[in-house]
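Let's start with one chain on its own, the form predicted alone, as structure tokens.
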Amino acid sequence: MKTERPEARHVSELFEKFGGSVADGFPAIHAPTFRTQNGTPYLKAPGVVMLARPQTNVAGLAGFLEGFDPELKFPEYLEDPTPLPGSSQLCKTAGQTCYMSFGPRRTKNENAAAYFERLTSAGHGSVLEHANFSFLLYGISRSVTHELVRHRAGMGFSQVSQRYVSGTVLRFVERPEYQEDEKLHRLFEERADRAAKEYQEMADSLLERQEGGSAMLSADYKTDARKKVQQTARSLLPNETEAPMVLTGNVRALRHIIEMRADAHAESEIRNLAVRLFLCLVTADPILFGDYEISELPDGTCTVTTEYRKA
């Protein structure tokens, strides 16, 4: 029986420390909501919820494998006794297809970690592009999402539209630097209260003008009418406004995000997000993300590193 590596134990402890949980194989790290004395909601940490992960049907290869010379024994590929996460199995099958490595001399599933280490250490990360994961991200500010959506290759983003949502779902995000400083925390809460109040006042004022026949704000449909009010009022919202999104990415692209954004030199808020994203990914598939190590920085936050960057 294999012993658990020290960094794996640390990952598990950190996942639990952040409030992580797994339901039906889908990890999540939720973030609580706080309120100012005036009732304005805000969050202090990112929430990360895995929504989708690969489900791989290796048995479907039977008709393909049986079409070769029986002496090659390719159908034995389907009899491997070691189950893998769907994402690892998909990427491993993709890689072994490149070399038609389905016979008895192939790398077995029990050695999958070493197989992927050879690929990532050599920079052959293309097979990692086959496995995709989807997440709901919340408790993240508009400033963080402006950074995150720069990662276009291999990624998909669906972000909240401030044109179509009303002030009833308005929330804010407190930066880590403010949370331990009484004055900065107080100023943040005052700023959040003020932004929420000014947004509502502006929306009400615009609505009055719309109902009064303003040509700039007029609209034929209720949806368009709300949009014209909200798209104008949103100009008052700060970068601290929460901007939840659904993110989908392949493993190669997600690894790049982790390497760039969970780095010790990354901005603190996006690093907190990237660390949580990594914890959910490594919990779901400890093989594809098993080469990473997580460590604490002097300020108490964490960083994630790997020897095999840019696979």
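A quick note: this is a predicted structure, and the numbers were derived from the prediction, not measured. So that there is no doubt, residue numbering starts at 1 and follows the sequence shown.
Not pictured, yet referred to below: the form predicted together with a small molecule.
Using a 4.5 Å heavy atom cut-off, which stretch among 162-170, 198-206, 103-111, 144-152 contacts the small molecule in the predicted bound form?
-> That would be stretch 144-152.
With the small molecule left out of view, which of 49, 264, 260, 65 would have a heavy atom within 4.5 Å of it in the predicted bound form?
-> Looking at the other structure, the residue within range turns out to be 260.
With a 4.5 Å heavy atom cut-off, would you call residue 271 a contact of the small molecule in the predicted bound form?
-> Because no heavy atom of residue 271 falls inside 4.5 Å of the small molecule in the predicted bound form, the answer is no.
4.5 Å heavy atom contact, residue 256 and the small molecule in the predicted bound form = Yes, residue 256 lies within 4.5 Å of the small molecule in the predicted bound form.
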